[in-house]
Ligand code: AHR
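First, one chain by itself in structure tokens, the form predicted on its own.
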Amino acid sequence: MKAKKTLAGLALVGAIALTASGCAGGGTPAGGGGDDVITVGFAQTGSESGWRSANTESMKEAFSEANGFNLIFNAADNKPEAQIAAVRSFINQGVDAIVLAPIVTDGWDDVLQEAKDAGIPVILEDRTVSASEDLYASWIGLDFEKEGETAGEWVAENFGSTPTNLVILEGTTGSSAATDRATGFATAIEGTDITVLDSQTGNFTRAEGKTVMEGFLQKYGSQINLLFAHNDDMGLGALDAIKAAGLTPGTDIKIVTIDAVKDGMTALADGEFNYIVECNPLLGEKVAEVVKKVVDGESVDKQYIVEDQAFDQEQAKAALPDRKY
């Protein structure tokens, strides 16, 4: 992948607060474990959604002391500069491997080169980067473009032959999830009778999804027939805004989202959402497997894509009782 310019102003002064997770006794200090303990620094985006919380728990369970790991965990509160500083801190601590869920795509060239120079392999989890592929060992995640395409295909099939006004709640600007989902969705609805009235970021959060949807409703009102949200949490925030405006979500305004966390699936089962494309957050076990192989010097694939499903109302009702997230 083509390397891009580093984000400006990323130099941070001061310590990064890192929390060792999943260790009842506090774990082994970074770089100081025994031969059988792998010390891993995990740089998470933050805790912006139900999906992210489930993803974090999956990672903590997989990188447990019982599984032979000492995990150093940091959530950057969706601040790219803080996440880069966390990765640098992991390098300075001499961890055995770094797992990174990059907030944005660009700006990683320098710090990933620093990790490579230090002999510390980096494994990408969930999202991708624009840096050269030789700066990381592997990526484990989902096909975001396919998720957007699947959502768009359902929209095109159900609304594409009728004049339909659509608004879109985008994920975090610059993230691979938002960029790829937007691309896939736009491709799928191209040539239909669907008109995109507006598209703005809600940063993958319920609160911002509600705020942006309130703005859409004030501006366009009953012109809006359909909402596509890049994740469930923004869709759930929008749902609250739609109700507050005296409209019925799922009926007056159809709602299509991506993630399939329990709150979203419940809204779908209740008829307040109309369609959800899954984005499986339970990546921890696969990531831990790849980390062990990389640290042991074994060869791994450059990417591992986890399969997703999609749900309508009846499928959501059937899936909810056994849903793990």
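Remember, it's a predicted structure, so these values are computed and weren't measured experimentally. Residue numbers here begin at 1 and follow the sequence given.
Note that the form predicted in complex with this ligand isn't included here; everything after this is about it.
- The partner is absent here, but in the model of the complex a heavy atom of Ala177, alone among Val95, Ile253, Ala238, Ala177, sits within 4.5 Å of this ligand.
- Here is the short version: of Phe144, Phe228, Phe185, Trp108, the single residue with a heavy atom within 4.5 Å of this ligand in the model of the complex is Phe144.
- Using a 4.5 angstroms threshold between heavy atoms, Phe204 counts as touching this ligand in the model of the complex.
- The shortest heavy atom separation between Thr39 and this ligand in the model of the complex exceeds 4.5 Å.
- Shown alone here, Glu48 lies within 4.5 Å of this ligand in the model of the complex, counting heavy atoms only.
- Here the chain stands alone, but in the model of the complex its contact with this ligand, taken as any heavy atom within 4.5 Å, falls in 51-59 among 65-73, 284-292, 51-59, 264-272.
- Contacts between 108-145 and this ligand, taken as any heavy atom within 4.5 Å in the model of the complex, involve Asp126, Arg127, Phe144.
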